[in-house]
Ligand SMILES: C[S@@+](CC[C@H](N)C(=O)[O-])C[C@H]1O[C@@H](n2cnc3c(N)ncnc32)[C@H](O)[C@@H]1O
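So this first bit is one chain, no partners, the form predicted alone, shown in structure tokens.
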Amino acid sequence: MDDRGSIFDEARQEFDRLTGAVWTPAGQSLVFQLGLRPGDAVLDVCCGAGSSAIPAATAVGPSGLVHAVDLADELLEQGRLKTSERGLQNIEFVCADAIEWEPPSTVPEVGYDAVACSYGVFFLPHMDATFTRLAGLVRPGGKVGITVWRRGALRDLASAFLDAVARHGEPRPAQAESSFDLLERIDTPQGLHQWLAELGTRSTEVRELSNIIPATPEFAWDLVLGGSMRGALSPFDAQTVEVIRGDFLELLAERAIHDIDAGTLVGTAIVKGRNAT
């Protein structure tokens, strides 16, 4: 299993519990902003359990298709179960690497009508080059769209968690902090506008999705375990992890962190022409 997928396979239960409060609002907002129509062909990369892929499938209808691609098998299986429950037959969840994805023969020769990526672009290796290649799979006049955390989102929670980890002999994990650093160019409306334009697009549109969620102990810990921050716990045994959980919740109380800012930017743009061969 590729390390990029394994951490989210481990996080599948907590990831799923976050769906209603975090993943679904952003996924639906992204699909709405992309303006998908019946019959469209859509590629959803870093799709997880389908927070944007499933709304895309309902938007494009039975005459359209959605390819939902991720490296996390367990999350893909969750997506398959959800689509089966809804009777959707126009969406395929595929365990594949987005950096190597090529459209199958079911996609029109001119390319996809849209590529979507919700909270995943910052996990792509060589983010700029990889997403430029993905944009090249879209027909001229089609759209690309992403969601990313807005500047400041999750910062207080992440800082408290990393400080709790550091109490147990490990330095503040550079990898966990770097996931926020990668966002610096695209976590403001102006920055995301510019980044999308540099991909060879036009008519960029960025909207802010405000999402302030009460920091209950259960939800705060699910946010830690349901995403990339979980990796900071890998050096510890289960007993130490439980102690870290207590320290983390204690720090949230000491710092009067009563709410979690899950604010998100939703960015879309129209593709000018082919960007990849």
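Please read all numbers here as calculations on a predicted model, not as lab measurements. In case it trips you up, residue 1 is the first one in the sequence shown, and so on.
Missing here is the form predicted together with the named molecule; even so, the following discussion is about that form.
Trainee: Go through Cys46, Leu34, Leu223, Ala56 and name the one with a heavy atom inside 4.5 Å of the named molecule in the model of the complex.
Mentor: For this set of options, the contacting one is Cys46.
Trainee: If the cut-off is 4.5 angstroms on heavy atoms, which of these, Ile91, Ala72, Val148, Val115, is the one near the named molecule in the model of the complex?
Mentor: Selected residue: Ala72.
Trainee: At the 4.5 Å heavy atom threshold, is Leu199 in contact with the named molecule in the model of the complex?
Mentor: Contact check for Leu199: no, nothing within 4.5 Å of the named molecule in the model of the complex.
Trainee: Residue-level question: is Trp195 within 4.5 Å of the named molecule in the model of the complex, judged on heavy atoms?
Mentor: Answer no; every heavy atom of Trp195 is more than 4.5 Å from the named molecule in the model of the complex.
Trainee: When the contact criterion is heavy atoms within 4.5 Å, does Ala98 count as touching the named molecule in the model of the complex?
Mentor: Answer yes; at least one heavy atom of Ala98 falls within 4.5 Å of the named molecule in the model of the complex.
Trainee: Can you tell me whether Phe131 touches the named molecule? I mean in the model of the complex, with a 4.5 angstroms heavy atom cut-off.
Mentor: No, Phe131 is distant from the partner.
Trainee: Hey, of 34 to 42, 214 to 222, 48 to 56, 238 to 246, which bit sits against the named molecule in the model of the complex at 4.5 Å between non-hydrogen atoms?
Mentor: Contact-bearing stretch, as computed: 48 to 56.
Trainee: Going through 9 to 26, which residues have a heavy atom within 4.5 Å of the named molecule in the model of the complex? Please give them in sequence order.
Mentor: Phe15, Trp23, in sequence order.
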